[in-house]
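Here we start with a single chain on its own, the form predicted alone, put down as structure tokens.
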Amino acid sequence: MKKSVSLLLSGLLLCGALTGCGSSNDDSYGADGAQAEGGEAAAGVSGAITVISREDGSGTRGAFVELTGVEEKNDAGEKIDNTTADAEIANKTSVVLTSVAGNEKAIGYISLGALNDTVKALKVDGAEATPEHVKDGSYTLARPFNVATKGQPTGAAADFMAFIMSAEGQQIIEDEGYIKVNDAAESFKTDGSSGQIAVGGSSSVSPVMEKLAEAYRAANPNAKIELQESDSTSGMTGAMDGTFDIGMASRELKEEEAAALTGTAIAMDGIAVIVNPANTLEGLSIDQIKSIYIGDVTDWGDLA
């Protein structure tokens, strides 16, 4: 009898030390053993969140802060960007990717078309960041890619614009992971215009514009395209002052820009919220993203 009691007690102590015999005090797991959304294991990383944002003038930042509610109007009706002062500022999409890929505690945002396997895109309000979900409206962090000219373009610039909006141009946009804006576009036929076309602006639009320019040069070798990468505001300013024949913006044109320029939406794009692949968090809500970017949530553990 004494031997049986001793063995029973030893078994109970061993069970408790290892697993708690099927019960758990870890709130990140439900009664069925499934991991609960937002639990400690879901975050995968503990400690201070490194917030990565884009520079002022970036169209991606402008669209992101508007869509997430980070930008709000004050009592005077002025739009105020409430991005936390602790955010690290990256001046290009590639810098955001590198920063997040090299820091397990980082979070950032980029053009969906620029997404690669060095980082992981989070679901937003349960929707995966895919072109299909942008197109059907279930992924709500989405914005247009616009180009703008001062008045109606002429010569080679007009011919290049016609190529972008043609069936061939729109197919390139889709092949690069963006959403084309004209499913019924007609085939392109160049008018053979010659000359140099200066195109500049958004670093988010630049990658697909480079592909479009390469294909257009093959269709019309008489034209030369000079592509300069900066930000959306610089692209619109350059189009207004004549520096660029075509300016690029990864957002809607501002009121003063639209008044001075002729804007054309060439594609739709999602904004992917990205984390390091070591972070096992699968998704966030818009409200959680806002809380991180305005500095209300500063530690990954606060999301548990």
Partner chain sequence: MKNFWEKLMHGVFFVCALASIFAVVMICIFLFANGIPAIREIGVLDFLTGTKWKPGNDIYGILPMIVGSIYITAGAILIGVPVGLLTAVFMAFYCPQRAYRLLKPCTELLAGIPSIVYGFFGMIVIVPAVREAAALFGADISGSSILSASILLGVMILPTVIGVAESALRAVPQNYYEGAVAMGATHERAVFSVMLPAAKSGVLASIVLGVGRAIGETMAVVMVAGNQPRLTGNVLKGIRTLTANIVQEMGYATGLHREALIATGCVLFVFILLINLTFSVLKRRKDA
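For clarity, every value in this text was computed on a predicted model and none was experimentally measured. Residue numbers count along the first chain shown, from 1.
Another form exists, predicted together with the partner chain; not displayed. Remarks below refer to it.
**Student:** If we take heavy atoms and a 4.5 Å cut-off, which stretch out of 85-93, 123-131, 185-193, 163-171 is in contact with the partner chain in the model of the complex?
**Tutor:** Careful reading of the contacts points to 85-93.
**Student:** Is it the case that Asp159, Ala219 and Asp245 all touch the partner chain in the model of the complex, with a non-hydrogen atom of each within 4.5 angstroms?
**Tutor:** Per the other structure, none of Asp159, Ala219 and Asp245 touch the partner chain.
**Student:** Evaluate Thr68 for contact with the partner chain in the model of the complex, applying a 4.5 angstroms cut-off between non-hydrogen atoms, and reply yes or no.
**Tutor:** No, Thr68 is distant from the partner.
**Student:** Is Glu252 close to the partner chain in the model of the complex, meaning a heavy atom pair under 4.5 Å apart or at it?
**Tutor:** Although the partner chain is absent here, Glu252 would stay clear of it in the model of the complex, with no heavy atoms inside 4.5 Å.
**Student:** With the partner left out of view, is Pro277 within 4.5 angstroms of the partner chain in the model of the complex by any non-hydrogen atom?
**Tutor:** No, Pro277 is distant from the partner.
**Student:** So in the model of the complex, is the partner chain close enough to Thr262 to count as touching (4.5 Å, heavy atoms)?
**Tutor:** Flag for Thr262 set to no.
**Student:** Heavy atom within 4.5 Å of the partner chain in the model of the complex: which residues of 51-80 meet that condition, in order?
**Tutor:** The stretch touches the partner through Glu55, Asp56, Gly57, Lys79, Ile80.
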